[in-house]
Ligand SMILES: O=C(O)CCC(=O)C(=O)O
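Presented below, as structure tokens, is a lone chain in the form predicted alone.
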């Protein structure tokens, strides 16, 4: 059964967000979500997501994969972008056309209308998965934003400050929402506190996928 209590929060006024952090609620209607999900399945078939080792020797809570010219990778050697999947030696799958179309649409009226990502990190959050507060700082050009498309179950997104200890703002993001972090908010700490199982409007998705588009190289 879906967690209908979350619907009560839909009528709440939009929170005040810091400069450079944009939250586009339901930027993708259900039909668009289905198109992105169909394209994402092709990526998952070519490069199945997996939990990776961290620099500290643990395992990531979310399972990860990539598509595009480069992909983000984690192992005991550290965090970095690579142009081939270290697990297979094969190049990452190319961007599906549906991904490019959505990114262009959501950035057209943003401060970054010419944003041209070369990497998409796909995180999958199953039951109990989360991601601690962190900064995206392995990219070469911090003037370019990070664009995140949400698919599947709702989740608590934490938008923090510029130190890990800063108080974080909680946003309940849902399937079809898009988050943009750029400009003055590009280096903010952020994370996922938890997901809400059973809230996905897409019956084929149990869990949450986040597609985070970056200019990595």
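Residue numbers count along the first chain shown, from 1. Just so you know, these numbers come straight off a predicted model, no measurement behind them.
This protein has a second form, the form predicted together with the ligand, left out of what is shown; the following refers to that one.
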Margin query: Looking at heavy atoms inside 4.5 Å, which stretch does the ligand contact in the predicted bound form, given the options 188-196, 163-171, 53-61, 35-43?
Written below: 188-196
Item checked: Joint contact, 69, 80 and 90 to the ligand in the predicted bound form, by non-hydrogen atom at 4.5 Å -> no
Margin query: Can you work out which of 107, 85, 123, 74 has a heavy atom no more than 4.5 Å from the ligand in the predicted bound form?
Written below: 123
Item checked: Residue contact check: residue 103 to the ligand in the predicted bound form, 4.5 Å heavy atom -> no
Margin query: Is residue 118 near the ligand? Define near as a heavy atom within 4.5 Å, in the predicted bound form.
Written below: no
Margin query: Is residue 129 near the ligand? Define near as a heavy atom within 4.5 Å, in the predicted bound form.
Written below: no
Margin query: Suppose contact means any heavy atom within 4.5 Å; which members of 34-49 contact the ligand in the predicted bound form?
Written below: none
